[in-house]
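First comes one chain, alone, set out as structure tokens in the form predicted alone.
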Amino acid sequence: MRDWIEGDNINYDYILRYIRETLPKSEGLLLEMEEYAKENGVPISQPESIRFLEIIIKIANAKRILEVGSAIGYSAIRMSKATGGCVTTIELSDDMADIAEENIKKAGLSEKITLIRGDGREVIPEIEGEFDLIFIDAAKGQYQEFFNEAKRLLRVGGILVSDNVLFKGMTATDELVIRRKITIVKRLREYLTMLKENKDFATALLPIGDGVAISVKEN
């Protein structure tokens, strides 16, 4: 029988605990942000997921990054620190954006991280230039719409990372689907099918955190 360590993680608890024991321990501002997120129910990237993302950024030497879904600025800060690159991050909630801006300031990254307030579907079309990596971690039912707008901004050879795509395992099996989440699950399945069949992208789906899809733009 599967034993869950967290409601939004798809791995066995013993595997998750072992993996997290191998990760560098957070301290200072990052630790404070993790504790704030836990106490206030704010969704931030899970430790193994953000570490995976940092390593991908380092391997690709990504210097220009676009993030859809800032929350409190946690992943934007960690992504910027990974290579010293610049991050443009989008947040719909003004309350979250206020906190994110303060955290970015505390991290001393105000010149490296640009936070844009608004709906990603409306903001992305106004952004210009090319990005080395795009990280989508916002409303799960809107991933396809974010992709449609963001794909033009990703350079050939650039990386697209889509977080939480297995959605507590519901994307993988109807046995876990909760009635009120049917629409989100349906849209995530359609999104992953699109990525798999898209001739311009090569995609791998990984059981990390709540599921991560990593895609490379080939054309």
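Throughout, we count residues from 1 along the sequence that is shown. In this text, all values refer to a predicted model and were calculated from it rather than measured experimentally.
The discussion below concerns the form predicted together with a small molecule, not included here.
Checklist entry - Ok, Ala138, Leu133, Ala100, Ala107: which has a heavy atom sitting within 4.5 Å of the small molecule in the model of the complex? => result Exactly one residue meets the criterion: Ala138.
Item to check | Heavy atom within 4.5 Å of the small molecule in the model of the complex - the one residue of Thr83, Ser93, Thr114, Gln144 that qualifies | outcome: Answer to the contact question: Ser93.
Next on the checklist: Although the partner isn't part of this model, could you tell me whether Gly69 comes within 4.5 Å of the small molecule in the model of the complex, counting any heavy atom of the residue?
Outcome noted: Yes, contact at 4.5 Å.
Checklist entry - Asp119 near the small molecule in the model of the complex, any heavy atom under 4.5 Å? => result So Asp119 counts as contacting the small molecule.
Checklist entry - Does any heavy atom of Ile44 come within 4.5 Å of a heavy atom of the small molecule in the model of the complex? => result Yes - in the model of the complex, heavy atoms of Ile44 and the small molecule come within 4.5 Å of each other.
Item to check | Thr88, heavy atom within 4.5 angstroms of the small molecule in the model of the complex | outcome: Output for Thr88 is no: heavy atoms all beyond 4.5 Å of the small molecule.
Next on the checklist: The chain here is shown without the small molecule. Which stretch in 44-52, 24-32, 176-184, 148-156 comes within 4.5 angstroms of it in the model of the complex, by heavy atom distance?
Outcome noted: Among the listed stretches, the partner-contacting one is 44-52.
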